[in-house]
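Consider the single chain below, provided in structure tokens and representing the form predicted on its own.
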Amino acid sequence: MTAEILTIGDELIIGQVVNTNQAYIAEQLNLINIRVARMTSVGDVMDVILEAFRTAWSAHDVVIVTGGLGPTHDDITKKAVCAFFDSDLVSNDAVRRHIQELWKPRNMPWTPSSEEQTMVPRKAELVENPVGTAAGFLFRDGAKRFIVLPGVPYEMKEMIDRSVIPHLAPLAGGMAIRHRTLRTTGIAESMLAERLGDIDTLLQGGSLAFLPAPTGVRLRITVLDRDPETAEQRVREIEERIRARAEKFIYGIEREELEDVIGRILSERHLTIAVAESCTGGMILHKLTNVSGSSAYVERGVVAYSNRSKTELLGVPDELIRVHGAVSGEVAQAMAAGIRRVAGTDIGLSTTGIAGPTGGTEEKPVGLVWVGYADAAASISVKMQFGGSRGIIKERASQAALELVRRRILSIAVDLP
């Protein structure tokens, strides 16, 4: 089966909103052996939407549409769908009850917009939206499916996972496609490729995609086989060969973030951490506390941006800053030891650097970051040099600091950039 993903909204085609819906839907369809042949984005213009519907529906087995299901004047997808399938809109009691249940704990009044959201195409089957007010709908023509979902990403994902994929999976059949994504950090894409060596020997009929980002490279393994169990086994074998060559750079799998992995390690070992940040401005603590249950291991964080705050809050000696400068290994090490002492934690972590675009010198250029780490055994500092904008440097420094924690706890060699 082939599919087209059609996303609707002016905000998408003018670049105001990044279109993450397409990537998520494509990934889920691929997992059930439906090949995405085309992705299309159009604005909120009726004639353009209808032409996109005609092109997609005539060429593919599955069409998935997102966006334009809200109650405002620019949300015209329901009207377009009705025009395309020659249907009218009718109020749906199940949708009404669902919206009323959503509104009840918030004490929201029933409005004309609420009433508008109860309207669905008469000829469509309902696709329930468990987390929002915009219901989805499905049209059939033999084995073909035309599915319309809201554009809000978290609502769309719930509906794809709960309803759409279970509905489509039995229709797909054919080759079994299996994926596995390994998350790496602390190594550039080109160096990782060199480390993995000959690709044909590594993959033996599978495929491997390198997906670089500012904080690391994802390695996506893909295997096709007529037997699902054989496909799974081949994926595991490729993963083992990759790990044999690059294990220390692999921190997680699939959608795991480094902060998730760090949280699990700290929890399992009953360790606590405190963070003193200068150039990263609280980003490390933000990442750590994004993980549910992080209060069990995160004690506190301090943004010690000025020299005075480093001295007053962390006990970094004025003389140390005067001799070596705030951006130095000596100060990073003192910051880590200081926050560990003040917070009474097992681990202290720190950053100090020059995020730019101004403030760099020949001796200490923009992108220079020192990360400090302290525990009961020792305190160290690691020098790193990053490129990119101010935001990217902060992101890379935060990731590198967390990776330093992982490697120290797991006794992995610290050879970060």
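Keep in mind it's a predicted model, so treat the numbers as computed, not measured. Numbering starts at 1 and runs along the sequence shown. Basically, rigid core = biggest C-alpha set you can superpose within 1.5 Å across the two forms.
Not pictured, yet referred to below: the form predicted in complex with another copy of the chain.
Asks: Quick one: from Gly132, Gly325, Gly329, Pro71, grab the residue that has a heavy atom within 4.5 Å of another copy of the chain in the predicted bound form.
Replies: The residue from Gly132, Gly325, Gly329, Pro71 that makes the contact is Pro71.
Asks: Can you pick the one in Arg226, His286, Lys104, Arg97 that has a heavy atom within 4.5 Å of another copy of the chain in the predicted bound form?
Replies: Residue within 4.5 Å of the partner: His286.
Asks: Only one of 137-145, 339-347, 232-240, 159-167 gets a heavy atom within 4.5 Å of another copy of the chain in the predicted bound form; which is it?
Replies: Heavy-atom contact with the partner occurs in 339-347.
Asks: In the predicted bound form, do Asn19, Ser295 and Gly301 all put a heavy atom within 4.5 Å of another copy of the chain?
Replies: Affirmative, all three are within 4.5 Å.
Asks: Answer yes if any heavy atom of Glu312 is within 4.5 Å of a heavy atom of another copy of the chain in the predicted bound form; otherwise answer no.
Replies: Glu312: contacts another copy of the chain in the predicted bound form.
Asks: Looking at the partner-bound form in the predicted bound form, is Glu194 within 4.5 Å of another copy of the chain by any heavy atom?
Replies: Result yes; Glu194 sits at the interface with another copy of the chain in the predicted bound form.
Asks: Is Ile380 close to another copy of the chain in the predicted bound form, meaning a heavy atom pair under 4.5 Å apart or at it?
Replies: Ile380 lies outside the contact set for another copy of the chain.
Asks: Might Tyr305 be said to contact another copy of the chain in the predicted bound form, defining contact as any heavy atom within 4.5 Å?
Replies: Yes, contact at 4.5 Å.
Asks: Taking heavy atoms and a 4.5 Å limit, what residues of 16-43 are near another copy of the chain in the predicted bound form?
Replies: Residues within 4.5 Å: Gln16, Val17, Val18, Asn19, Thr20, Gln22, Ala23, Ala26, Glu27, Asn30, Val36, Ala37, Arg38, Met39, Thr40, Ser41, Val42.
Asks: Using a rigid core alignment, state whether the CA of Gly132 is displaced by 2 Å or more between this form and the one not shown.
Replies: Comparing forms between this form and the one not shown, the Gly132 CA shifts at least 2 Å.
Asks: Superposing on the rigid core, is the Cα displacement of Ser114 between this form and the one not shown 2 Å or more?
Replies: Yes.
Asks: Once you overlay the rigid core, does the Cα of Glu257 travel 2 Å or further between this form and the one not shown?
Replies: No, Glu257 moves less than 2 Å.
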